[in-house]
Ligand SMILES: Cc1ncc(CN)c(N)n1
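Read the single chain below, which is given as structure tokens and is the form predicted on its own.
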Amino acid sequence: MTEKSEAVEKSSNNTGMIEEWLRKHRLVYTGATRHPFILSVRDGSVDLSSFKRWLGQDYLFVKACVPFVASVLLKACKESDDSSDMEVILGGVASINDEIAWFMKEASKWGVPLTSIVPQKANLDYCRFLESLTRSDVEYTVAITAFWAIEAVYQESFAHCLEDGSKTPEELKETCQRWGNEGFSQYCHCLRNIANRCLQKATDDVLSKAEEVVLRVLEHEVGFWNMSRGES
């Protein structure tokens, strides 16, 4: 049995490749979604200077993310075998403008001067990685899997801060609700379904690339959280 056929057999057993990879790389995924920064928000011990650093840097990241999301949409137009993919991705594109406006409002509330913020190394590294995924030779399957991973980390991280037993400060609950709400969870679920469908049909080479991209996203997410805490 080939590597691909083994993977397909596993993923057809009521789960997809993403579920298999999350089991395989559970510690890495947990490191990104249960990072000390997120846990400090959940238990109320977060240093607000760390939160403000995250806020400013993530504003820059979201703006830099626009070309990547646009490239995923373009790849969907050219390569997807399901027109409904475009509707899901367009929803993500449409939300970016609202997200940028939200960051600007929050920055004003917290006194974070967005016009003078300089992107830190972890942010620059992550943005360069996303830029590399906009190349025309990057397959749609790889790009949509990366897109799912980026969104899913925030959804699962901030949803954790809203669960029963959390002590998230009242002034940070709106932030957590932005990504931890049920609507965003459903959106991430749709992205996961698209990625799983594409991965089900992918070659061994594309499967390998997509798995590596998921790991790279998780690595960059951890780096971003570390940066927010003032760690290198």
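Being a predicted model, the structure only gives us computed values, none of them experimental. Residues carry their position along the shown sequence, with the first being 1.
Beyond the structure shown, there is the form predicted in complex with this ligand, which is absent from this document and is the topic of what follows.
- Think of it this way: in the predicted complex, this ligand has a heavy atom of just one of 139, 106, 125, 151 within 4.5 Å, and the residue is 151.
- In the predicted complex, at least one heavy atom of residue 224 sits within 4.5 Å of this ligand.
- At a distance threshold of 4.5 angstroms between non-hydrogen atoms, residue 99 is in contact with this ligand in the predicted complex.
- For the chain shown alone, residue 61 is a contact residue for this ligand in the predicted complex, at least one non-hydrogen atom being within 4.5 angstroms.
- Using a 4.5 Å cutoff between non-hydrogen atoms, residue 179 counts as a contact of this ligand in the predicted complex.
- Heavy atoms within 4.5 Å of this ligand in the predicted complex belong, among the stretches 24-32, 61-69, 201-209, 161-169, to residues of 61-69.
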